[in-house]
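Presented as structure tokens, the chain that follows is alone, the form predicted on its own.
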Amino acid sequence: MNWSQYAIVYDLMADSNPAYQQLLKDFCSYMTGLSIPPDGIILDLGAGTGHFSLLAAQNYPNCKIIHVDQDTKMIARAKEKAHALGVTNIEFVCGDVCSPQLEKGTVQLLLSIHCLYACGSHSQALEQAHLILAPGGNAYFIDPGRYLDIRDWSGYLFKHLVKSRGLLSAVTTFIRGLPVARANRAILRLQKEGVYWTHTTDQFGNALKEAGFKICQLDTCYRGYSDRAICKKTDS
């Protein structure tokens, strides 16, 4: 999977997709109920072009946000957006999301959005995430568990774009987004080959429990394709 090619048009996809925008709105609502110390650390694993890490940085300007991704072009795009927004409390790290180089028990909020399924070893990534999360810390996971139905997504997005922007704009956006379609076909192929992790909601929850997380909320999102878990690390 060539994530660098995906990075070029990733924001076009996200900005045009109301289901993705709903994920961002839900995350903003989640943050309103959190209490994180001013010098706290927020870690975003597989942070891509920075949608969630930038929201966290803006909501917690006195915290340190660590944005970790394995693709340099994803990080470059995230840096551009941070600069445009005047966000300065983010540290960008190009590294292995399965083994982030952080001290144990130092992270107050951990994010992993559409990352675990493709990281190679979800169990290792979850174990490491649990280790670096501080006792009493919070974790917010979203992960696609079902096969990507490209025809379903294409129809959904095209209808939305026609309704919201008109036919010509919808066609233009789809042409610009051809790299997204190619990336999605590659993701589907890797899902079917078993390279990328697929799971039911219960299987996702069980993997989190096995890693030591206490699940506070477990549900589906992203039109039923993804599972979401809001978790804590117990004080013990």
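Note that the structure is a prediction, hence the values are computed from the model and not measured. Note that residue numbering follows the sequence shown and begins at 1.
Note that the form predicted in complex with a small molecule isn't included here; everything after this is about it.
Residue D96 is the only one of E127, D96, E80, D149 with a heavy atom lying within 4.5 Å of the small molecule in the model of the complex. Of the heavy atoms in A56, none are within 4.5 Å of the small molecule in the model of the complex. The small molecule in the model of the complex comes within 4.5 Å of no heavy atom belonging to T198.
Looking at I42, you'd find every heavy atom of it more than 4.5 angstroms from the small molecule in the model of the complex. Although the partner is absent here, T173 is not a contact residue: none of its heavy atoms lies within 4.5 angstroms of the small molecule in the model of the complex. Comparing 132-140, 162-170, 84-92, 111-119 against the small molecule in the model of the complex, the single stretch with non-hydrogen atoms within 4.5 angstroms of it is 111-119.
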